[in-house]
Ligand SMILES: Cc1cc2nc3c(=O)[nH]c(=O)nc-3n(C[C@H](O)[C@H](O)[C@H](O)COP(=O)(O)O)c2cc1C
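This document opens with one chain alone, in C-alpha cells, the form predicted alone.
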Amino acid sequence: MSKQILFINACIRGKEISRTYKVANAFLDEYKKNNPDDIITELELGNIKPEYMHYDNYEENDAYIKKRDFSSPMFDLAKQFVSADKIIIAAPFWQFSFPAALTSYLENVYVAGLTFRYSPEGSIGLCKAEKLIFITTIGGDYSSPEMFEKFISLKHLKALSELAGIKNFDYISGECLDIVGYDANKIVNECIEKAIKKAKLF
C-alpha cells in the first residue's frame, strides 16, 4: 500500500540557490527510486505563507479548539500533517533556529485535540507518522558539545516530534559552509551522500 509522504520545504531562498534544498532534493530523489508507489506532497512555505498567530486569529483558533470543532480551513494544514505516514522537513539554520515561515507553519499544525491531546498522565501524540527527518545546512561549526547545545532548531523539532507521537526522529546536517577555508561544495556533496544513504532506510 502506498504511503503519504509530506515534504515541508522551508528553504525560502529558493530551489535554485538553497543548499539545504539541494540536499533535500537528493534525499527525495533516492526515496522515490526506492518507493515509487508512495505519494509525496510538497508544501513550499515561501509560497503558501502560513499565517502566524496574533490576537485576532488566536481568539478564533482557540474558540474552535475549545469546541473540538476542526472543520474550519484554518486546521487544514494540521489535518494534513496528522495524516501523513512520513514527514520530511528541510530548513536552513538561521539564528540558531530556522526561518519564521516554518515557525508559523508549526504554530498552525500543533493543535491540542488534533495533533496531540492532554491526559492525566501527560500529553499523547495523535499523529499517524512513523518517521520524521529534518534536513538542514549550517554556515558555522556546531560539532563541539558547547556549540551543539545551541542547535535550537534540532532540539525544537525533536521535542515537537515527541509531542506529536512520532517515535522515529532523525536529521541530516551539513556544517561549516560559510567558514573561510572550507570547501562548501565538497561539504554539500558529502551531505548529499549522507542523505542518499538515509533515504534508503526512511
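When you see a residue number, it is the position in the sequence shown, counting from 1. Everything numeric here is computed off the predicted structure, so don't read it as measured data.
Keep in mind the form predicted together with the named molecule is missing from the figure; the text below concerns it.
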By the heavy atom within 4.5 Å rule, which residue out of 154, 26, 160, 177 makes contact with the named molecule in the predicted complex?
177
One stretch from 89-97, 70-78, 110-118, 124-132 that, in the predicted complex, holds residues within 4.5 Å of the named molecule by heavy atom
89-97
Any chance residue 13 has a heavy atom within 4.5 Å of the named molecule in the predicted complex?
yes
Is residue 46 close enough to the named molecule in the predicted complex to count, meaning some heavy atom within 4.5 Å?
no
Would residue 169 sit within 4.5 Å of the named molecule in the predicted complex, counting heavy atoms only?
no
In the predicted complex, does residue 138 have a heavy atom within 4.5 Å of the named molecule?
yes
